[in-house]
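Consider the single chain below, provided in structure tokens and representing the form predicted alone.
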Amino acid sequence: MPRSERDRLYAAPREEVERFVFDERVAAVFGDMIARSVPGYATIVAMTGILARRHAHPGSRIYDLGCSLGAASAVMADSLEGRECTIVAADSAPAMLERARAELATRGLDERIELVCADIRDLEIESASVVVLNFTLQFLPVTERLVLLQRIRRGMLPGGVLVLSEKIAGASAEEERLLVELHEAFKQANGYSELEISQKRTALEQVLVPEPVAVHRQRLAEAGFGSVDLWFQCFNFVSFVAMP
């Protein structure tokens, strides 16, 4: 996990809570933020390396879309050492990529991973054997999610895999309440105060829009993925593997 400062972004009361953006302040604390906010994140990243090793074809391209600090890209690069694959790590936030570049350089991986500053909706996907969307789709407008998945599917090779990790909504009001309560308890156990949790929630409203598991399954099927499996879940955070 990339090194970062302690996340205290929402520790002080704010008169107005601005919409969440991946700016320099977030980039500086992102490693700590996601570790303390997303249950199972380290496991998902580690297993991404195993999935990549299983599905990556020599000569193919590996995409980490919405790569943030490059954690998944780094794990895949380590797992695929010796294979002639091109790893493309894309993100639209310059501050995140700057920190990713520095972190990858300290690990000697900067020449093995191609960092691209781009909106992933505009990025051409081709000859892909592995595509990773770790907590990225949830930040796109709902109406644009299917289009992106269709583009990914068209750019994938037979035998390839899409790893899609997302925060989800409950299938019912009761399940949603339970998942939210458990997630907030997780964050409190990791040192976040009620004020921090509340202000972060406000900042993410209308920016991060979660959907139920069934919606994700249906959309992946509509995008052309013939096999969709939920391989990980902890509270309201899940990861799917989808194959053509």
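All values reported here derive from a predicted model rather than from experimental measurement. Numbering starts at 1 and follows the sequence shown.
What follows is about the form predicted together with a small molecule, which we do not show.
- In the predicted bound form, no residue of the candidate spot (178, 183 and 232) has a heavy atom lying within 4.5 Å of the small molecule.
- Under a 4.5 angstroms non-hydrogen atom cutoff, the small molecule in the predicted bound form lacks residue 104 among its neighbouring residues.
- Proximity of residue 121 to the small molecule in the predicted bound form falls within the 4.5 Å heavy atom cutoff.
- In the predicted bound form, residue 41 approaches the small molecule with a heavy atom inside 4.5 Å.
- Contact between residue 129 and the small molecule in the predicted bound form is not found at the 4.5 Å heavy atom cutoff.
- Segments offered: 156-164, 91-99, 78-86, 105-113. Contacting the small molecule in the predicted bound form at heavy atom distances within 4.5 Å is 91-99.
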